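Only one chain is given next, in structure tokens, and it is the form predicted alone.
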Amino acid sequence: MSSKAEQKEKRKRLPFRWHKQDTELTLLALPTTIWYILFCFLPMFGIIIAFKNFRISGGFLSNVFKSPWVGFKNFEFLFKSNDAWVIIRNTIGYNIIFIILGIVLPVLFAIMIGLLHSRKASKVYQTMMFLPYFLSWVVVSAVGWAFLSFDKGIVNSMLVNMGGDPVNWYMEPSYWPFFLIFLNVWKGLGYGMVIYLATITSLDSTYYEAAIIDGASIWQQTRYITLPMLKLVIVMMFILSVGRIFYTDFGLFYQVTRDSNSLFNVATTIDVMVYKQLKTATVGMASAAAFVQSVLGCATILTANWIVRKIDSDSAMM
């Protein structure tokens, strides 16, 4: 019997008791619970809009109840669109790459920084890698334009000075998958690294001292101590990332690419398509797309957790 099952069995045998500490913890959790009810559960009532021909012409609630039912008609635009395959492929394809790189690179850099003996150098590197996380995509878009502009961009100026021809970057789809992946990694690397680094710094140093006495190399310490200790955090981050596989960062795919029509096949995702639909169509279609994203995200996160539980039940979240 696994340790979790044993603990569950022990809890069943214990008689129900309400301690003073339970009251204190309940009061402590009360504000968060109220916040979740008000801003996370009550708004779920809005799901009904996905099944109605909703029009904004007065009060919200009166419009919701007066709008006629249209069944699954709002969902048709998502799946019957001529570009549905391209949009779904971009959304899932980019997210798979982001999930892999979003785990491998932060873990790698966290281990490297954790091995540094100089605390000052470690803080400097952490700060430098964390700073891009605070930049908005609008600012990143402006910086990207400064580099990639056809007539005034730094990159084209360098190409011309070296005798080459300028490139119209915003009209060349072949380059943008690499640009988008690079920018996503660059912006999120520091945030992910801090999570793993916090775990590494909290590990018991006696493990490493014993390993050094036994003659273990740095690679052996990493393989047999650090990585096994990070496994739970890595699995947790993986499951949470999988739950967002049908969502994309709107700013990355819309702001950075400047909504260039030439980049449609490589930069249009579900979120970008929904925004464009909102400008020309109805709220119901956007709600339907968001509903599909939520359902599929919930299904994928439960599936990922189920697979993890089958492989290693102690690493599963639920």
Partner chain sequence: MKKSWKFISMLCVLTLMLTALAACGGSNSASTTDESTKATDAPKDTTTVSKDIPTLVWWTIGGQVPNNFSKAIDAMNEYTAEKIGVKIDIKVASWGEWDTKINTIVNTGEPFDIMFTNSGKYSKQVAMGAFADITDLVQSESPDLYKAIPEKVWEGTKIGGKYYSVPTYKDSALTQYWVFDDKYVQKYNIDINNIKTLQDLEKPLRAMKAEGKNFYPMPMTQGDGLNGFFNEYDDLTLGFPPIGVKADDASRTVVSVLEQPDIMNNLKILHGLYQDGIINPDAPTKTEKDKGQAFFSAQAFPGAEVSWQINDAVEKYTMFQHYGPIYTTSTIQGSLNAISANSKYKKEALKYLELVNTDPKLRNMLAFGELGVDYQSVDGEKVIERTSDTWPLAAYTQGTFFDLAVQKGAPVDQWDQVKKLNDAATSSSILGFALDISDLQTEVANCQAVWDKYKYEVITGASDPEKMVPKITAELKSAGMDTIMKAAQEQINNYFK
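Residue numbers count along the first chain shown, from 1. The shown structure was predicted, so the numbers you read here are calculated from the model rather than taken from an experiment. C-alpha atoms forming the largest set that superposes within 1.5 Å between two forms make up the rigid core.
Only in words, not in the display: the form predicted together with its partner chain, which the text now covers.
A.B. asks: Let me know the one among 28, 40, 34, 56 whose heavy atoms come within 4.5 Å of its partner chain in the model of the complex, would you?
C.D. replies: Contact check passes for 56.
A.B. asks: Would residue 250 sit within 4.5 Å of its partner chain in the model of the complex, counting heavy atoms only?
C.D. replies: Judged by the heavy-atom cut-off of 4.5 Å, residue 250 is well away from its partner chain in the model of the complex.
A.B. asks: Using 4.5 Å between non-hydrogen atoms, is residue 73 touching its partner chain in the model of the complex?
C.D. replies: Flag for residue 73 set to yes.
A.B. asks: Even though the partner isn't displayed, in the model of the complex is residue 293 close enough to its partner chain, meaning a heavy atom within 4.5 Å?
C.D. replies: No, residue 293 sits far enough from its partner chain in the model of the complex that none of its heavy atoms falls within 4.5 Å.
A.B. asks: Does its partner chain get within 4.5 angstroms of any non-hydrogen atom of residue 77 in the model of the complex?
C.D. replies: Result yes; residue 77 sits at the interface with its partner chain in the model of the complex.
A.B. asks: If you check in the model of the complex, do 258, 280 and 283 all have a non-hydrogen atom within 4.5 Å of its partner chain?
C.D. replies: The answer is yes; 258, 280 and 283 each reach its partner chain.
A.B. asks: Across 169-186, which residues bring a heavy atom to within 4.5 Å of its partner chain in the model of the complex?
C.D. replies: The stretch 169-186, when checked against its partner chain in the model of the complex, contributes 170, 171 at the 4.5 Å heavy-atom cut-off.
A.B. asks: For a quick test of reading the superposition: does residue 58 move by 2 Å or more at the CA between the shown form and the other one, rigid core aligned?
C.D. replies: Comparing forms between the shown form and the other one, the residue 58 CA shifts at least 2 Å.
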